[in-house]
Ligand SMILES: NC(=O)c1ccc[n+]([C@@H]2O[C@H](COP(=O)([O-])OP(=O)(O)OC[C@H]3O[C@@H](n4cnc5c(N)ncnc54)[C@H](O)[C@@H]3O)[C@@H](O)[C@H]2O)c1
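Listed next as structure tokens is one chain, alone, in the form predicted on its own.
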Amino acid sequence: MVSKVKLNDSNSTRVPAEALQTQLSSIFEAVGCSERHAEIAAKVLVAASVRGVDTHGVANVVGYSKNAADGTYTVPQETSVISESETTALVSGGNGIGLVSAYEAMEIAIEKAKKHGLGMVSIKDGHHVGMVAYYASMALEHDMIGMSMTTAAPAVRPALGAKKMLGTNPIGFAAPAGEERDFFLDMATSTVASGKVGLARRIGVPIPAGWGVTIPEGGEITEPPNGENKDWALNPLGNTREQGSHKGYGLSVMVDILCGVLSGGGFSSQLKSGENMSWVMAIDIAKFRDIDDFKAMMDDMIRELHATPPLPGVEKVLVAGDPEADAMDDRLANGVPVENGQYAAIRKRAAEVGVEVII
């Protein structure tokens, strides 16, 4: 059933990644973003779609651009430093597009890591940052380890709880390899990202039992709910006490601490829908050991994991980042699938803001 909650040739339209980048950039510029910020926002969204993280990909340009146009987001925007040390910074996203403030915060973290071995930045006054692991992956081209995470308004119940109290609070982590693919972890601390429930509803398929429950009864849901409301909640990663729901719950609270409490921007239950506080970190591997030796050991570890005998009926053992890399190979060669309704919505939005429709 999980595999059915995906895009395919019957429910999506393939578009070249370059065309999507140009189209999205033009839409963001048309609603007041600077050229640089428009390119950044488009790049983050296209990267998510290219990697197969469709829920956080190009279709979000519609909502983001409307929020910019109506003043929900402040554009043009500025990512301003509130306080900093050699290795740390607290920044304000300026109530702007979250993709931009998280990107610029990671740029700050990387520059600090180049000088001092480590850089970490907490971001307040922010909004949705899209695919959170994108910012961790920015460290890879600098031979660094990256980490990123973000809070969100409540959508998830705590372990044993019967009320939404936590966001999906995702975590991203990236580390460079040598000949093997880089390690790329992108995970929600809930059983699933909330966007996948919406995707399942749009393409007309059920969701697996365990993704969410009715509130306060705790009954399993397989029919995708129609949007966020108080009658249902996502489960924490692990789902039940016996399967380790306290672990997903604990990780979610950790994200709230680093993103919301450390920044002062607020933890999940204090946030309104659309508000997000974030945290990013870059680690310069060369300050610890020779980078080539590090990458060689990464290759050894990844190869050993891939060589693990699979369970019966399973083709092979994967490593975090494998599905996204496979999707990237396909989508860069054959175009990025955009769900048909969202494809039409992007085209409509381009026309609404007065830019050429090129996709």
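Predicted model, so just to flag it, every value in this text is computed and none were measured. Residue numbers here begin at 1 and follow the sequence given.
Here the subject shifts to the form predicted together with this ligand, a form of this protein not shown in this document.
Annotation: in the model of the complex, residues 131, 152 and 186 each come within 4.5 Å of this ligand through at least one heavy atom. This chain is drawn without this ligand; in the model of the complex, the residue among 302, 42, 59, 53 with a heavy atom within 4.5 Å of it is 53.
The single contact residue among 319, 38, 46, 68, judged by any heavy atom lying within 4.5 Å of this ligand in the model of the complex, is 319. Although the partner is absent here, residue 29 sits far enough away that none of its heavy atoms falls within 4.5 Å of this ligand in the model of the complex. Proximity of residue 168 to this ligand in the model of the complex falls within the 4.5 Å heavy atom cutoff. This ligand is not drawn, but in the model of the complex it has a heavy atom within 4.5 Å of residue 323. Of the heavy atoms in residue 252, none are within 4.5 Å of this ligand in the model of the complex. Segments offered: 29-37, 327-335, 290-298, 311-319. Contacting this ligand in the model of the complex at heavy atom distances within 4.5 Å is 311-319. The partner is not shown here, and in the model of the complex the stretch 329-359 never reaches within 4.5 angstroms of this ligand through any heavy atom.
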